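The chain below stands alone and is given in structure tokens; this is the form predicted alone.
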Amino acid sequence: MQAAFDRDNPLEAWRQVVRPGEVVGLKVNCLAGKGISTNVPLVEAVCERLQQAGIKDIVIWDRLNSDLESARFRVNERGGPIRCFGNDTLGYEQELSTYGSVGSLLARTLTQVCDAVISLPVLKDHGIAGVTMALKNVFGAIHNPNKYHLDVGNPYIADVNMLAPIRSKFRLHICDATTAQYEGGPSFMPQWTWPYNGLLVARDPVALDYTGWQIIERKRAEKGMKPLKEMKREPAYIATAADAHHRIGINDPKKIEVMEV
């Protein structure tokens, strides 16, 4: 965080993202259970830093309470400064939010509870969408993600990211790449995982996804596997998210500054 925000200490960096008095949501990804989901110790470390930065109300959330529990999170809907629950606790808004090709009901956790959201996806392959990281993690905020996997998720994933509460509230993306997966996702397939032992941190979800995609492609090549384009699941939605109609972020590697610390 210090390197990403060019600050002298971590709390100064966190204060560039959140402000005291805000309710901060941590959107984790627990679809694959304990095998390859957002790690609990990482979320605990983020919570600790947020509290040190003056945040007194934190909500860890994902689509379902059962998903959270399968990834070893403890569901806590009411008590304490740190709550944890799925969208099945508060449900979804009654009116559709629309942009381009999508129309979805947004989770009330996002629209009514959280002032700001930090996204904590996982670095992994996706058997339909190519890869699943920051941009696709927002599918956990809508009621009908199953509708948006046609054509390798393009342009649907980019369009979901344009829905107003998602665009305005998702402020930071911390991709858990301690264990990453290069084939067989989004389910946990241990034969195709490897210990990358890293985190990808960015405000720009497009730049993060492009960078993570290249990491996966390099691992596939190392293992003698075809690139995703040859498998007909190149994640073109990453470029769509950067185009003139979306402008969510940058996917040009010449303009992405990658700092390794």
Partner chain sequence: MKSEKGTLPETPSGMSIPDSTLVAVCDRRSFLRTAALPCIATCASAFVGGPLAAPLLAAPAAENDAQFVREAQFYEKLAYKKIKCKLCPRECVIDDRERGYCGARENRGGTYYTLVHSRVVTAHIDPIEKKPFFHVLPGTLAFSIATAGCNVNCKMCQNWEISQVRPEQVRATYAPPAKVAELARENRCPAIAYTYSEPVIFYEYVVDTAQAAHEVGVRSVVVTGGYVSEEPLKKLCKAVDAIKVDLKAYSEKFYKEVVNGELKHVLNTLVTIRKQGMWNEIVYLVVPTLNDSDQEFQGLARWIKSDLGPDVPLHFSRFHPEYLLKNLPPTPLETLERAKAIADAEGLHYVYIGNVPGHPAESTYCPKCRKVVVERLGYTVGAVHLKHGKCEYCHTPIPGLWS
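In this text the structure is predicted, and so the values were computed from the model without any measurement. Numbering follows the first chain given and starts at 1.
Keep in mind that the form predicted in complex with the partner chain is not shown, yet the notes after this line are about it.
Chemist: Work out which of 177, 105, 162, 113 lies within 4.5 Å of the partner chain in the predicted complex, going by heavy atoms.
Modeler: Checked against the cut-off, the match is 105.
Chemist: Even though the partner chain is not shown here, does it sit in the predicted complex so that 90, 98 and 189 each have a heavy atom within 4.5 Å?
Modeler: Answer is yes for this spot.
Chemist: Name the stretch: of 27-35, 49-57, 215-223, 197-205, exactly one has residues whose heavy atoms fall within 4.5 Å of the partner chain in the predicted complex.
Modeler: Only one stretch qualifies here: 27-35.
Chemist: Is residue 144 close enough to touch the partner chain in the predicted complex, meaning at least one heavy atom pair within 4.5 Å?
Modeler: Residue 144: contacts the partner chain in the predicted complex.
Chemist: Might residue 70 be said to contact the partner chain in the predicted complex, defining contact as any heavy atom within 4.5 Å?
Modeler: Yes, residue 70 lies within 4.5 Å of the partner chain in the predicted complex.
Chemist: Answer with yes or no whether residue 182 is in contact with the partner chain in the predicted complex, where contact means some heavy atom within 4.5 Å.
Modeler: Output for residue 182 is no: heavy atoms all beyond 4.5 Å of the partner chain.
Chemist: Examine residue 75 and determine whether its closest non-hydrogen atom to the partner chain in the predicted complex is within 4.5 angstroms.
Modeler: No, no contact at 4.5 Å.
Chemist: Within 4.5 Å of the partner chain in the predicted complex, counting any non-hydrogen atom, which residues from 151-172 show up?
Modeler: Heavy-atom contacts within 4.5 Å come from 151, 156.
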